[in-house]
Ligand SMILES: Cc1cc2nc3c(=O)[nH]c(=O)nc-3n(C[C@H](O)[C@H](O)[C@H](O)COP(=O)(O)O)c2cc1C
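Shown here is one chain on its own, the form predicted on its own, set out as structure tokens.
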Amino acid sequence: MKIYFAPLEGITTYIFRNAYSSIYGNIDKFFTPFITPSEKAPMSQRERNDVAPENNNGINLVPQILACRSDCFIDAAKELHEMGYSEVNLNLGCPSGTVCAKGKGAGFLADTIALQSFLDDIYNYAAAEDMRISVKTRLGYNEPDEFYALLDIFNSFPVSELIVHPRIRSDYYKGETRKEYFSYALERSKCPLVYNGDIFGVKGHDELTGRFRAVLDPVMLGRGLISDPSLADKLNGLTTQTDYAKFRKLHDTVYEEYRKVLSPDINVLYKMRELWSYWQNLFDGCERDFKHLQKAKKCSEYDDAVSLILQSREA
């Protein structure tokens, strides 16, 4: 099974991607947190550093672009092409209020006329430069039935892959995914499809396969894969259990790499606390230690809390 690692802003940085790839592997594509080009620059220095080929050796990486102006999108795609990238991804899924207010992400889905004009421009560029452009989308902005017209639009372009998160913007990440609309896509899409949304375990994946009466391959995993880094191995039948030895190695590698590039301690701890907001589900019974971890202001205090948490699964 092909597995794609979804982008999570502030989490799936090149530091995390490199650590995960070297320790776990089994990821066919990593997608970067979105790049936001502007009139002033195709990308920021931080974004450029995150996609720099020298920081992503051995990783099949697809940069994701968040834009509602085709000229800005194309400027970013050109720079990425010069770096050696042959595929980029258009973000039409981000539900953030500040993003949508600017007509970007899921907010762009509300204006299908502007979207179609935008797609005309970027796919003309892609054809001229032999660039692949995939799309990550929600079902719509206000109503899921918007997806019917959106799919017709996507079908009129050479979308290299259509990654569908079957929720609307106002759903954010809550409630059940609207699976009947992905079933519709399976019947009507002319684009290669990728399912994304709420796969947190093998059982959930198998239930979706039964629901759709189709093999979901590839699938894109985001929060589920962060929450249990062994999930890709489980879906590929390589293990049935969370590998806590691998987890510890992942934690230690990410932690040490952040300590090399961030200071003071609190900036490192902000990064690690965000990861632990997902990881803590793997460590039932460690609530007291998690409180100490969240209150830590120095790496030495954090180290003590983490040591107790990890020892709970190594005994």
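Predicted model only: the values in this text are computed from it and were never measured. The numbering used is simple: start at 1 and walk along the sequence shown.
The same protein has a further form, the form predicted together with this ligand, not shown here; the description that follows concerns it.
Peer 1: Which one of E146, D171, E79, D198 is close to this ligand in the predicted complex, taking close to mean a heavy atom within 4.5 Å?
Peer 2: Here the answer is residue option D198.
Peer 1: Please pick out the stretch from 181-189, 201-209, 214-222, 69-77 that is in contact with this ligand in the predicted complex, where contact means heavy atoms within 4.5 Å.
Peer 2: This holds for exactly one stretch, 214-222.
Peer 1: In the predicted complex, does K104 come within 4.5 Å of this ligand, counting heavy atoms only?
Peer 2: Because no heavy atom of K104 falls inside 4.5 Å of this ligand in the predicted complex, the answer is no.
Peer 1: Even though the partner isn't displayed, in the predicted complex is F30 close enough to this ligand, meaning a heavy atom within 4.5 Å?
Peer 2: The answer is no: F30 has no heavy atom within 4.5 Å of this ligand.
Peer 1: Consider D303 of the chain shown here, and say whether it contacts this ligand in the predicted complex, taking contact as heavy atoms within 4.5 Å.
Peer 2: Outside the cut-off, so no.
Peer 1: Quick check on I309: any heavy atom within 4.5 Å of this ligand in the predicted complex?
Peer 2: Close contact is absent here: in the predicted complex, I309 is far from this ligand, nothing within 4.5 Å, heavy atoms only.
Peer 1: Could you run down 118-155 and flag each residue that has a heavy atom within 4.5 Å of this ligand in the predicted complex?
Peer 2: Only K136 sits within 4.5 Å of the partner.
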